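Given as structure tokens, the chain that follows is alone and in the form predicted on its own.
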């Protein structure tokens, strides 16, 4: 599977690092605006193929990942369109549609560590997603096929949602510092607590409410904190946050 990644910014770079970590470096060709960026990746992954030419990268590959900023998608596809015959084109640019794209994918930056939640939609709603595409993104995390009508919602929950989770960790850190922990201690505690909650839910299969009940003693401190979240409109704020991008 020969892959071209057009653009190595935050998202493209995360994909490249995740795929290289899984042993795919020699099958990947990347492009970037500057040679210095390419050299940085080459130093990290010597087997990686680098080029400043988008057309050169496309000619070497079977799968073309469009990972540039949304406002550059049309320009880039126009540049490489003559070389796209027989290629599978996958765009990870948010909220951009183009007739030459075969699949739309929305990973998140945790792809670098193979922990992305990636949503995939076929550009043609009457076609199914090829196993090869699922396998490609499955190497950098979990994959969910969604209809195009749910793609933006998936982006808000995962592509953007990772930032919202980090904001909650940041808030927990602030509270920890106020209670006497150092910032580094507070960050370690918040991250491990978040990871523990995720692992518990994944491994047990419990609904969050059932898991919450396990640590909520009648008259105890946990229920007092939960009620404070409810009084402050925590649930409503999260829901409004996720729906903001649908407007």
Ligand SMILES: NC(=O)c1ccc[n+]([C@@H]2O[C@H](COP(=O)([O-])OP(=O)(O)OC[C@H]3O[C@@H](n4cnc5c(N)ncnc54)[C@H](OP(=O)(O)O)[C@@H]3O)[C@@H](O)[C@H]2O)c1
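Everything quoted here is computed from the prediction, not taken from an experiment. Positions refer to the first chain, counted from 1.
Below: the form predicted in complex with the named molecule, not depicted.
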property: Listed range touching the named molecule, judged in the predicted bound form by heavy atoms within 4.5 Å, from 55-63, 196-204, 218-226, 29-37; result: 29-37
property: Single option in 177, 153, 146, 94 placed near the named molecule in the predicted bound form, where near means a heavy atom within 4.5 Å; result: 94
property: Listed residue (72, 169, 88, 123) with a non-hydrogen atom within 4.5 angstroms of the named molecule in the predicted bound form; result: 72
property: Residue contact check: residue 76 to the named molecule in the predicted bound form, 4.5 Å heavy atom; result: yes
property: 4.5 Å heavy atom contact, residue 8 and the named molecule in the predicted bound form; result: yes
property: Residue 140 within 4.5 Å of the named molecule in the predicted bound form, heavy atoms; result: no
property: Contact of residue 157 with the named molecule in the predicted bound form (heavy atom, 4.5 Å); result: no
property: Contact set, 101-119 vs the named molecule in the predicted bound form - heavy atom within 4.5 angstroms; result: 106, 107, 109
